[in-house]
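Only one chain is shown below, in structure tokens, and it's the form predicted alone.
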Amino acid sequence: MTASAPLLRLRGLTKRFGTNEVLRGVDLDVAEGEVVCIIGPSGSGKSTLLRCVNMLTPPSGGTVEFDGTAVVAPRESRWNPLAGRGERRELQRLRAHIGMVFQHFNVFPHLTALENVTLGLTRVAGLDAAAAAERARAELEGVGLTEKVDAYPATLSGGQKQRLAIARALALDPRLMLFDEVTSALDPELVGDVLGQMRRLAADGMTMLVVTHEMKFAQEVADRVVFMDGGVIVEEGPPSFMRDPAHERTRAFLRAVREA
């Protein structure tokens, strides 16, 4: 944690889907090396916020800056096929530094574990096949999948698929990792396996923005916890604030979680 400019800076972020305003002016900084966990009820805008960071869901307003550079969604024009080409190239470059792991794995079912990881290394990082395979094997070993390099996702457990997704993201050596409810689709006995990988990343100093319903993980691993509701940040602070929140909405949410 340093006093320098944040690695990620969001200012006035909004997102509308038709008349539904999912994000309503979110300001958030994430410092390099910081682990920030976002909690809150379903529909509060947590996942949309994460997807706006790397423009998988372009925001309706506000700004996203990564390492001092504005992240801009490519312009689309049916009349000009070259419109937005520069923005797409710049966005691809930035995405190489922002890894994302999704709730439902999003690994390629027709590729082996090794091929899933090498794909980005050849297409985005520009490595040749041999160098990409060497790097991919090292990343798979790092998440405990050494014996599964030639396995297809259909033969992997949910926890193994999620670890494969983590290895694929880490292979590009990102500076920021985004995790979107990565344990919610897993059987309970597999949750600890994936959280263990995330704990190791945090211990190694990886900058992480984590949307999660795992309150214990947030309390033990996060440097800062952010509570969202209704498309805004209601309360944030060190994990200790979860024991005695200042806002009634936060208290009601955490009380419901404990009683569930």
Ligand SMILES: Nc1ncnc2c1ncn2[C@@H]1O[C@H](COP(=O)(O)OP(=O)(O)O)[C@@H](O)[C@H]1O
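Note that the coordinates shown come from a computational prediction; the quantities given were computed from them, not determined experimentally. Numbering starts at 1 and runs along the sequence shown.
One more form of this protein exists, namely the form predicted together with this ligand; it is left out here, but the text below deals with it.
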Within a 4.5 Å heavy atom cut-off, is Gly43 in contact with this ligand in the predicted bound form?
yes
Verify the contact flag for Gln219: yes if a non-hydrogen atom of it lies within 4.5 Å of a non-hydrogen atom of this ligand in the predicted bound form, no if not.
no
According to a 4.5 angstroms non-hydrogen atom cut-off, is Ser240 in contact with this ligand in the predicted bound form?
no
Just checking whether Thr212 would be counted as a contact of this ligand in the predicted bound form - the rule being heavy atoms within 4.5 angstroms.
no
Exactly one of Thr48, Thr207, Gln197, Asn54 comes within 4.5 Å of this ligand in the predicted bound form through a heavy atom, and that residue is Thr48
Partner contact check in the predicted bound form: of 189 to 197, 219 to 227, 65 to 73, 35 to 43, the stretch with a heavy atom within 4.5 Å of this ligand is 35 to 43
So which residues in 19 to 34, when you check this ligand in the predicted bound form, have a heavy atom no farther than 4.5 Å from it?
Asn20, Val22
